[in-house]
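Single chain ahead, by itself, as structure tokens, in the form predicted on its own.
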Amino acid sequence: MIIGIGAGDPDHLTFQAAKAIAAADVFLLVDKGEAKHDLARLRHDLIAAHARPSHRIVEVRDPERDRTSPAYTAAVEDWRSRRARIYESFITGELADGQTGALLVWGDPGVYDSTLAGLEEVDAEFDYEVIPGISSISALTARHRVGLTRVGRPVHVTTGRRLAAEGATADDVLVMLDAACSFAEAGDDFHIYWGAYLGTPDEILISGPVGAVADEIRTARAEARARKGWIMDTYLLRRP
């Protein structure tokens, strides 16, 4: 089972996800290293709270992704393939006949996550179910008390990398992860609803006209990343 566990708040776990955790025999936890130990801790806490007493946990280190390569797509595909080999080893080597394995996925497995794509590369016979979770998109709009959509208008969901290359191509643009703070180029026509570490005790929320809050977001983002060693942020750009 691929179980979406929400954006960071333990209360984001749905009843369906809690039941799925309780039904699993073995959990695969992909460790992203000491800098992101709090991501692993939430998974351990959720398993401890909801899993059956006889459960077992298999922990492996996440393969390093080449973040310096100019061939971004090729680097991501290589990293995804190495992850697929981890999934295959888990399925074929850690699960006995009749046992159910589970991966706990941050947010929603169907939104900006590589787990499902990695499973498609697994060379083994198996079946799996996907349990949806609360995504950072849902958490962002809820915390800022805004709707994602407006009547008769499209929403463009993209990444910071693509926003920098293409600019804002709609009146409503939802951006996932933006290390370069590309929102600053959107101009004063746009309002921004920005959030980082959504659903966690470290959550940061900033909103306002882009020109008025761009420097505040840059500063908050840089300070938070330096303090924690990592950052995950999401924002909505909206032309009033």
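The first residue of the shown sequence is 1; numbering continues from there. All of these numbers come straight from a predicted model, not from anything done at the bench.
Same protein, other form: the form predicted together with a further copy of the same chain, not shown, and the subject of what follows.
- Three-residue candidate spot 76, 108 and 155; every residue lies within 4.5 angstroms of a further copy of the same chain in the predicted bound form by at least one non-hydrogen atom.
- Put simply, residue 9 is close to a further copy of the same chain in the predicted bound form: some heavy atom of it is within 4.5 Å.
- Heavy atoms of residue 149 reach within 4.5 Å of a further copy of the same chain in the predicted bound form, making it an interface residue.
- Among residues of the shown chain, residue 19 is one whose heavy atoms approach a further copy of the same chain to within 4.5 Å in the predicted bound form.
- In the predicted bound form, at least one heavy atom of residue 13 sits within 4.5 Å of a further copy of the same chain.
- Between the options 100, 81, 89, 159, the residue in contact with a further copy of the same chain in the predicted bound form by a heavy atom within 4.5 angstroms is 159.
- Contact with a further copy of the same chain in the predicted bound form, judged by any heavy atom within 4.5 Å, is made by just one of 44, 55, 32, 50: 50.
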